[in-house]
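Just the one chain here, laid out as structure tokens, in the form predicted on its own.
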Amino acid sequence: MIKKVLKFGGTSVGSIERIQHVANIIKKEHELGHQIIAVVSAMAGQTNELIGKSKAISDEFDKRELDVLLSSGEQVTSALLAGALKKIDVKSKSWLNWQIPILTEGDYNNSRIINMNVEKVNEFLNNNGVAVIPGYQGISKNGDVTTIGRGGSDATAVAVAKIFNADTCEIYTDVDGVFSTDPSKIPLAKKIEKISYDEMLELSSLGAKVMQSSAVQTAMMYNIPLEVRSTFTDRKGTKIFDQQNIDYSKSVTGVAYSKDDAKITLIGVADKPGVAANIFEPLNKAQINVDMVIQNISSDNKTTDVTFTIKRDDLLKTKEILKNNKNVKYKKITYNDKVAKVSIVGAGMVSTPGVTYRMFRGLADHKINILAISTSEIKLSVIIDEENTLNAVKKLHTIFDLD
């Protein structure tokens, strides 16, 4: 008997009709003799609606109460899906975060799952039932409801697959799988049949919205097979495997982009040991994620310019922290919040010469200026002006034979 975790995203459960369609998908899997745990997101748009209501109360809405509010979206979906399954004669039950319980630790709005009690749910599965679990949430050791960050239902599904020792985890969404780039923007994008954890992790962390990066990381750590597939078609999806399935013959697997970045430069920083730590330590304490970092030494070896990128939403907070940082002296600060990050990802980059040149030459031919660069073994990212994003993605998609 195969135990499957099936995760359904917000668009998959975005209406009563879609929830009924999902119930029929689950019924088919259940009738094949599989044990099914369904993990669900809130109905599409509901989380944003709840956030809007909290902001109508206060821009500084209490984080504990925000978690209580936001977790209600997935609870609604869980009850509706369990009810839809019962309607079509499938034994089903919804389990809320505190009923299992799903134990978490960490801050409100950004906690992480550390364990679950499997006994009651497994007993229900063994009695031919389908368990429906809300994604994105858990409960702390103090009994407080917590959430695990936007897109956290993917992380819940992978954690459930790990802790319940499932054979596979399938992520149902509104596209047929993982594509070489965003198919809604680039019609020539093509579906990737299989991709390594490493490549998927890079793509998801660089802006591809098919899967949450922390979920991919967990799957990679525990070698949990994943498949991304469409709720609305019967076509095969994209399988995500371990290192042995990397295709080294193709230099670039996909092109990702994000438009939520900002670039900051500190000009005339004293060039001495500890300066970088003094710049970034307060940002770390404020939970501001710093991405690319570039340091240029002046000709007199006495000062340096430090450039780094952050999420655009953190720009005002970052500027305030830098302004009040008495441990760092600089001549001036400049920033640009109209930038985008464009990245190419592929396991074959390791063994293929000329990838960097081809990327830079392609952008130069289209008069697209590179503002910052970051590299890893299987990734090359650049910061460019936001207005050039789509042209850059199209050009790179063509250069690396992904059309």
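Source: prediction; values computed, not measured. Residue positions are given as counts along the sequence shown, with the first one as 1.
Beyond what is shown, the protein has a form predicted together with adenosine-5'-diphosphate; the following relates to that form.
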Of these, 105-113, 178-186, 124-132, 273-281, which stretch puts a heavy atom within 4.5 angstroms of adenosine-5'-diphosphate in the model of the complex? 178-186
Which residue, 166, 210, 220, 322, has a heavy atom that falls within 4.5 Å of adenosine-5'-diphosphate in the model of the complex? 210
Can you pick out, from 78, 173, 97, 146, the residue that has a heavy atom within 4.5 Å of adenosine-5'-diphosphate in the model of the complex? 173
Can you check whether residue 11 is within 4.5 Å of adenosine-5'-diphosphate in the model of the complex, heavy atom basis? yes
